[in-house]
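We begin with a single chain expressed as structure tokens, specifically the form predicted alone.
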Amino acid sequence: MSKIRKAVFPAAGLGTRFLPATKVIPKEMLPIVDTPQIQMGVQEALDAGIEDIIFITGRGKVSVVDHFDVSYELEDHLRNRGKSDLHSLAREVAEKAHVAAIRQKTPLGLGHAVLCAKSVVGDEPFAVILSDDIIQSRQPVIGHMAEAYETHGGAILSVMEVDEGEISKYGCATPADAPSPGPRLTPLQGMVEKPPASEAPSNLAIIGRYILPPEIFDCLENVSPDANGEIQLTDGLRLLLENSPVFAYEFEGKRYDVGDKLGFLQATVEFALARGDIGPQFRDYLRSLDL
């Protein structure tokens, strides 16, 4: 199987759950302590050896792309003041990532955002990373998924077990009655988008990491829009499943839903506590609160 060289980052959403902050600032640029959440997703791709980064952006998202460019004025300012550590920090990701950006003129669903990448991805498999989902793990989850693809092929979706009452918030994977081809992989016979808990075929929620073959583009071009006029990736995957295997990959690690306000706050607190520069003082501060 071909190696995974490209990662697509859908970033055209309006971020309405974080208004008024996202009226001007893209949701993807909201920081976890001091690192934009989309940078954390890009770093996961880079750590997995995926250096071609494709942003699917919308109006008002110029700063997402600019963040991964070289900022000569800032770097010159830092160099002249002897702040070499901050200079390296500002330049690190820009040096490693090869960035392309495609404008999704109208936000018509995740499937449509992925379809927008067709001309840049071409005829090769690729990763999709949703920056709303930050996964803290010892090794990059998307890297393990890429290795599984290179061994077994098919499409691979990351999943995690959730409580029965939570499954209606997610796409739900439907396991097939077939043997697993490899560690942590489950063959699928279908997917259901946000099913009622009483009708869910499993408690495996689909989380924002995908390895997709190029055939997904033809599938997305041939699915019908949903009731909201959007093209859903889940519908494209169901069509793909008619002719190609699809696997669920149950990752190891902790996932934070930073597209949700509570999840965003949880990630901010836990990442801050884990840092050597501010963690001890922040922990002392939290202990001093009268809760």
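One-based numbering along the sequence shown. Quick caveat, the model's predicted, so the values are computed rather than measured.
Another form exists, predicted together with a small molecule; not displayed. Remarks below refer to it.
- Interface residue among 135, 130, 204, 99, judged by heavy atoms within 4.5 Å of the small molecule in the predicted bound form: 130.
- The partner is absent here, but in the predicted bound form a heavy atom of 107, alone among 107, 143, 214, 175, sits within 4.5 Å of the small molecule.
- Residues with any non-hydrogen atom within 4.5 angstroms of the small molecule in the predicted bound form fall in just one of 99 to 107, 181 to 189, 117 to 125, 158 to 166: 99 to 107.
- Although the partner is absent here, residue 113 lies within 4.5 Å of the small molecule in the predicted bound form, judged by heavy atoms.
- Looking at residue 269, you'd find every heavy atom of it more than 4.5 angstroms from the small molecule in the predicted bound form.
- Not displayed here, the small molecule is approached by residue 14 to within 4.5 Å at the level of heavy atoms in the predicted bound form.
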